[in-house]
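Take a look at this one chain, the form predicted on its own, written out in structure tokens.
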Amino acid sequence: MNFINGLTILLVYQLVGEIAVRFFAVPVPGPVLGMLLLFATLLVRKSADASVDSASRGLLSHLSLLFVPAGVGMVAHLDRISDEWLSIALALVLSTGITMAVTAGVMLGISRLMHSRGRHDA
């Protein structure tokens, strides 16, 4: 019952996100807005309800199942992927490189910030 209650809370946040996106015409997917609302709630409460924690852990333990529809979609569009493989491969390589460079830059910036704060605190 704890899992069902937590799952219901998560789905309510998703529903609120969907309604807010449609009502305010926000250019963000409803589940993403719902997730941000849930994150804000967790920040304010400074802890997660036991049922939400249980449902989240249960969903995360079966996260790989959520990739099955994406894999089925790839197989369904295999002809299109084979026709446009070069542009898809370039997009994947470039986006991966950009993501790695930005991540390294953020990590270096945070490392320098933490190091400078350590000098001021000592």
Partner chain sequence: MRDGGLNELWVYLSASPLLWLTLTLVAYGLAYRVYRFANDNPLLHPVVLAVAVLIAVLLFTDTTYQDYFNGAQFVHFLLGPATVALAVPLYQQLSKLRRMWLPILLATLAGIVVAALSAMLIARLLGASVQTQISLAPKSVTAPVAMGISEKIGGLPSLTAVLVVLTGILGAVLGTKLFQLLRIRDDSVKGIAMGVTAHGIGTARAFQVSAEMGAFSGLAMAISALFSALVLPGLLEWLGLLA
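For clarity, every value in this text was computed on a predicted model and none was experimentally measured. Positions refer to the first chain, counted from 1. Here, rigid core means the biggest group of C-alpha atoms that superpose within 1.5 Å across both forms.
Quick note: we don't show the form predicted in complex with its partner chain, though the next part is all about it.
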Non-hydrogen atom contact residue 10 with its partner chain in the predicted bound form at 4.5 angstroms = yes
Using the partner position in the predicted bound form, report whether residue 19 sits within 4.5 Å of its partner chain, counting heavy atoms only.
-> no
Partner proximity in the predicted bound form: residue 87 to its partner chain, non-hydrogen atom cutoff 4.5 Å = yes
Would residue 82 sit within 4.5 Å of its partner chain in the predicted bound form, counting heavy atoms only?
-> no
Going by heavy atoms, what in 61 to 85 lies within 4.5 angstroms of its partner chain in the predicted bound form?
-> 62, 63, 64, 65, 66, 67, 68, 69, 70, 71, 72, 73, 74, 75, 77, 78, 80, 81, 84
Residue 49 C-alpha moves between the shown form and the other one by 2 Å or more, core aligned | no
Residue shift check between the shown form and the other one, rigid core fit, residue 11 Cα at least 2 Å = no
